[in-house]
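Okay, so here's just one chain, in structure tokens, the form predicted on its own.
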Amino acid sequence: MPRRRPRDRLTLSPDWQRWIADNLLAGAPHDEIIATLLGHGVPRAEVDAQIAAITASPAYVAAQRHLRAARRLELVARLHRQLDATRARPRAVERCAGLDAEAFFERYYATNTPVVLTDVVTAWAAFGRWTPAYLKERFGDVEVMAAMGRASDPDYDMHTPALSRPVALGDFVDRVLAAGESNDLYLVANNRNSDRAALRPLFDEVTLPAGLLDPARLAGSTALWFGPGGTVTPLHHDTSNIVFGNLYGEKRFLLVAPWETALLQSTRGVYSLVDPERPDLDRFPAFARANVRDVVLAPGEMLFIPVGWWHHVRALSVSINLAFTNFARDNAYDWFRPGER
């Protein structure tokens, strides 16, 4: 708001100066900016002087240059969104079988396109064998780290290290089966349980697809997930490509492409503040334009989640999953963190 300084010389507060700069950069008509300022009691001479000073400042000139670059990039993203909308089923994710590694990398990996592989997990000895009862019987005495008390923390996924506790896997199985539908307890990727030596025999029952995943880089590149129905991983993106194998139960994925720039208005690091199951369009109106793909992953299916794709995950039942990032192609994109810029 306008404020008076010594000698009764009327000047504009920093808030009003920023308001002028924001509206000029956004392309608002000069006459509307002037009319608003005059309506708040700013003399015309002061209005003209302030606009002239702002547009002549080096900071404003630099801001114009960066804004032009941002608008060009937004045009590229808009092109992707518009072309994506022409697909026959723009909200669907393709399912396929019989895909060799070369075809996968060319058709999906290199094009940043999600796909459900229906014949990878079904070839594992683990498929049909990994159940809660099996995990308890074979590995019940193994100590694992589990995130517990998630329901009391609104930022439970970001605070996984603080919420994680050691527990015998057999005891954790009992808790999961007794929990009913719950988001309170979960074995998640950040618990790093798949790297535990005592659980290494699990991988004797997993066959890595030839040429797709690199067995020499298995350590540190896998994640074991296990929890009750009702567990939720909030909307976020990862900085690497992932294949997520579903061995037991069902999970629902809501996926949004990285070129849906509406999500960048609601980011905290790699997380989004939007709940895609119940989006608050009053708070995040731009999300209404986003194309959300909806995938329910059945037992025996594997979802390829391309780097940068936003995904929200809900377990529809007790579930056991194994994910991998050790692709036979480059998979280092830690620089992709638009929410932190």
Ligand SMILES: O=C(O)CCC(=O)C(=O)O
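This is a predicted model, so every value here is computed, not measured. Just count from 1 along the sequence shown to find any residue number.
Just so it is clear, the following notes concern the form predicted in complex with the named molecule, a form of the same protein that is not shown.
This chain is drawn without the named molecule; in the predicted complex, the residue among V295, V313, L37, M302 with a heavy atom within 4.5 Å of it is V313. Contact annotation: of the candidates W130, W225, F104, Y156, the single residue with a non-hydrogen atom within 4.5 angstroms of the named molecule in the predicted complex is W225. Note that among 167 to 175, 132 to 140, 198 to 206, 231 to 239, the stretch whose heavy atoms approach the named molecule to within 4.5 Å in the predicted complex is 231 to 239. In the predicted complex, the named molecule lies farther than 4.5 Å from every heavy atom of Y248. The named molecule is not drawn, but in the predicted complex it has a heavy atom within 4.5 Å of F244. Taking a 4.5 Å heavy atom cutoff to the named molecule in the predicted complex, the one contacting residue in 180 to 202 is Y186.
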